[in-house]
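Shown below, as structure tokens, is a lone chain in the form predicted alone; questions about how it binds or moves come after it.
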């Protein structure tokens, strides 16, 4: 049992105040971290986590005038200042970007993550930093710092279709969401306008249009691929990527201090231009300018405090990451945005006489129906011609083949759908001579064109796929280790086989030769799209959260990160988390104004 103490903060806390002139929207935000000690422990709202959804919760709460504390278990990262590799050339890195054998030996799990390398490793946790127990293989990819994984996310921003909210129940593999597309659509727009999403309005039922900046252009082979696939199939659409990049910033983005994407494709190092969306470049600085934001890094959340007499949560118990000192912070409302599995861990560890099995967990559903995206299938092929054409810049987006499977009705032997990401590139040349002038001349010329594809498939939420707390093993802060028990099923295998066959055919339709397909058999989790465990639903007997992302049994606690997902859909989920967060904050603020929270 830990003993809470009320004391001055012993680690730096970023405290933001109103501008000297009293303005709540100072156009010149402080460029340096304002570190002070404080003994303030009461706020209007507490947000657990500073990543994509946590940053949005902070921005929306602060904009509504609520004094907000953001708790981040990792270190502080300030925009621009703390991007040490952002402008380094390959030869300026100790190993030219490669990881040392020792680093790989010490980090066999995290080193598998997409984008992990010598230039980005500081934004991923080391394997030893937060152990967990894999009952079944699961690669849990985490980034513990202010900004979380918003610094290293893939940035794809497709909207869900109306079908994805209803398909699980309609096709018999899950339950309906308590909300539909029309409930989320205005919040998608709200988010898109603020973060900046490039793309086209393509009029696709599988991927609704949004509020877009100009897209990055197809290269010549991508345009050829799109035209050939459309002509052959009629109902398959390869479109320009909908990505969180400022291809042409608007005034709202300039107000954030962000600039045009430079097409460097070095995004995961942190972008000094603010060209792609991250909490660090966008939502957190915006929240700071209101004077309502306090960020406390190095704060490991132990549990949420539930007051039996009041019948609601009253605060959060925090362990200092370095000193292990314990502090309790109090607020009227709490947003849990720690990233899906950590959110489950915190809720499971938030026990009381009222909730002996975790906060709000009257049904035993907490931690269950954990799901992910299926990234096992990929394909590529070579294509002749186009040698007289090239492309310029490093396009940070990819082309998207919108889902064409089980759209509106089931038309295969599996349920759910898949999105396909694709693109065309020029390979390195393969000169016959390996020495001499001819060899060097050949290296100066680009090689043949190739096309790649990979799948992002929907998976079925199952009660057996779950996380739980270990009964005896604890981490360095005395918190039970998380046990992961998540696996693939026969539906996943059928989907993979279908995608491999269709991808091969599409590449051949486009004129590719030497087509290769593969199943990488990677464990769940490496997709970094873990979801569920505290799913939304209309019935408290079958779900943890209501239509406003509130715990059914504890209405002043909101969960708006991936843990809230009722199903996975086939689109990239991050922008849905942001939209749900903004929607939930709007509801919370209204309820607080009515004294209902």
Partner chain sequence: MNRREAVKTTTAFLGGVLLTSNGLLVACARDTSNASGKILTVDDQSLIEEIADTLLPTTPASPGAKAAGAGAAINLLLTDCYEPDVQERVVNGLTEFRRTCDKRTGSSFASLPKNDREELLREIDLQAQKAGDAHYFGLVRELALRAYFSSEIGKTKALRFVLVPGKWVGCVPLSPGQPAWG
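Keep in mind it's a predicted model, so treat the numbers as computed, not measured. Residue numbers count along the first chain shown, from 1.
As for the form predicted in complex with its partner chain, it is not shown, yet the points below apply to it.
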Original post:
Heavy atom to heavy atom, is residue 500 within 4.5 Å of its partner chain in the predicted complex?
Top reply: no
Subject >> Contact flag, residue 325 vs its partner chain in the predicted complex, heavy atom cut 4.5 Å >> reply: no
**OP:** May I ask you to check whether residue 491 falls inside a 4.5 Å heavy atom distance of its partner chain in the predicted complex?
**Re:** no
Subject >> Heavy atom of residue 192 within 4.5 Å of its partner chain in the predicted complex >> reply: no
Original post:
in the predicted complex, do 360, 462 and 567 all put a heavy atom within 4.5 Å of its partner chain?
Top reply: no
**OP:** Work out which of the listed stretches, 162 to 170, 137 to 145, 345 to 353, 107 to 115, brings a heavy atom within 4.5 angstroms of its partner chain in the predicted complex.
**Re:** 107 to 115
Original post:
Considering its partner chain in the predicted complex, which of 95, 201, 330, 81 comes within 4.5 Å of it through any heavy atom?
Top reply: 95
Original post:
Which one, 129, 183, 217, 475, lies within 4.5 Å of its partner chain in the predicted complex by heavy atoms?
Top reply: 217
Original post:
Relative to its partner chain in the predicted complex, which residues of 360 to 381 have a heavy atom no more than 4.5 Å away?
Top reply: 375, 380
